[in-house]
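Starting off, we have a lone chain in the form predicted on its own, written out as structure tokens.
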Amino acid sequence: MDRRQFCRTTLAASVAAAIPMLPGCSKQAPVATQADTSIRGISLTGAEIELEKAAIQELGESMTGPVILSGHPDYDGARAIWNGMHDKRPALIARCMSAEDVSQAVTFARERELLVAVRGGGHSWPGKSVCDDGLMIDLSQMNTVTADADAQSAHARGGALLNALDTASLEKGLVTTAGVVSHTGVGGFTLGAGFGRLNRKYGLAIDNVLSATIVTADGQIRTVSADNEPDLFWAIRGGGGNFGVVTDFEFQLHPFDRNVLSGNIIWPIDQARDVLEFYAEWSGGLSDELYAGPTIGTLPEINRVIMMDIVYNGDPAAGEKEIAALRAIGSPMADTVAVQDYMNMQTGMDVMMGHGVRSYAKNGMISEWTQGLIDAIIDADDPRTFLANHVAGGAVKRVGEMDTAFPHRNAEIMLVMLTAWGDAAQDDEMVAATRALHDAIEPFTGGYYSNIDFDHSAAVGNYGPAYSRLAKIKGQYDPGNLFRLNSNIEPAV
């Protein structure tokens, strides 16, 4: 008897009415419940469908990782994502251990036209990595990163976190562009474009992807690169999760001294206009080595402030000279900029943006700092909100508009308007505050970053000239729009 037949025979003898956790043969026997013989699901069109027990059992047998159903002790932990605003209950969770597991889960969903959410790091701000009554494809256990000093490259599995990417790379004296909250997932971060504190020097995360392994809607496991299925490789670099489930990324790494000139300069809020007016003129001439971006927020025991996030990727003495003029503006109340471990900056926001926080965000791409924009920021300031940023320019701007699927290469900075709170009773108030700040700034923006935005349902305008090519590729690889919980691109017929 072969292994698969042995698995099926053994597991079938243990199955009762329904199964809250369906493991592969190497796992412990499944746990039975008093659930019905089938499970309610929801289709891609929103219609209610029936997921039969036998089909779910077969999925469990086909995977090395478990299939988790409501009622199992791991279910609530598995469905939870970073943003506490989202409390959704999938019909089942396929906890994948390999690309082959992902292929089985994708095939199961496609054959039943079942709604699918893909969880990498679980950091989707709008909550698109979980769904009600559909299938959550959970990559959280596929979380390792390996770095190769000789090849100057890293492989990150689809559920890896940015902390692991930074840590593995820095141990080899290397680095690539990673984001500003270290418990963010590599997958969603990269597929959307990937802004980080080193992107002025090394480009966005997508500019450093050498290859990727992706499971497409037909269940095929494909390795894509500039030489292998180049259209699909182009599309996943900025097109988000529209084209499949990426189970492995290969990144270009760069030599890097982790002890970098970095930190924050902080001014009281009444100096915000002086700081922003200076920044508007000064930031246009910065070197690629300098990342400097303004944030307005309320700090515990300090009150409302404007602060500048600084990382200088180069000789600290040269960095000190470049930021000297910034330090001379107004009367800073604190200055923590010094030579320190890069990971101090990379993990500095982890607690404030910790798991379970309720948070809402809007954003906009800024191609030019104008007096009108500065006035709008000052006039609309609200102590409940944060105005954060992702600085661009430099190497980001030198990539051609259509070289990747990310169309906002002309942006100098992305401004992020956000609120974070703990009490669900404040949801309406905080969402409204965020939207009011965004409404004031939106006239000065040109497009948005789809990884962050809650409210835009159509991606056509935001992708600009890239959209028609993206739609054609979507039609080739996902004609049924199985992967739709994202900034969705409608497949071209």
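When you see a residue number, it is the position in the sequence shown, counting from 1. Note that the structure is predicted; figures quoted are calculated from it, not measured.
This protein has a second form, the form predicted in complex with a small molecule, left out of what is shown; the following refers to that one.
*Asks:* Is there a heavy atom of residue 406 no more than 4.5 Å from a heavy atom of the small molecule in the predicted complex?
*Replies:* Flag for residue 406 set to no.
*Asks:* Is residue 452 close enough to touch the small molecule in the predicted complex, meaning at least one heavy atom pair within 4.5 Å?
*Replies:* Residue 452 belongs to the contact set for the small molecule.
*Asks:* Going by a heavy atom distance of 4.5 Å, is residue 128 a contact of the small molecule in the predicted complex?
*Replies:* Residue 128: yes, in contact with the small molecule in the predicted complex.
*Asks:* I'd like to know if residue 191 sits close to the small molecule in the predicted complex, meaning any non-hydrogen atom pair within 4.5 angstroms.
*Replies:* Answer yes; at least one heavy atom of residue 191 falls within 4.5 Å of the small molecule in the predicted complex.
*Asks:* Let me know the one among 200, 362, 390, 237 whose heavy atoms come within 4.5 Å of the small molecule in the predicted complex, would you?
*Replies:* Of the listed residues, the single hit is 390.
*Asks:* From the list 124, 104, 169, 208, which entry has a heavy atom within 4.5 Å of the small molecule in the predicted complex?
*Replies:* The residue from 124, 104, 169, 208 that makes the contact is 124.
*Asks:* Taking the partner as it appears in the predicted complex, which of 116-124, 396-404, 298-306, 225-233 has residues with heavy atoms within 4.5 Å of the small molecule?
*Replies:* Heavy atoms within 4.5 Å of the small molecule in the predicted complex occur in 116-124.
*Asks:* Let me test this: is every residue among 180, 195 and 486 within 4.5 Å of the small molecule in the predicted complex, going by heavy atom positions?
*Replies:* The answer is yes: all three residues contact the partner (heavy atom, 4.5 Å cut-off).
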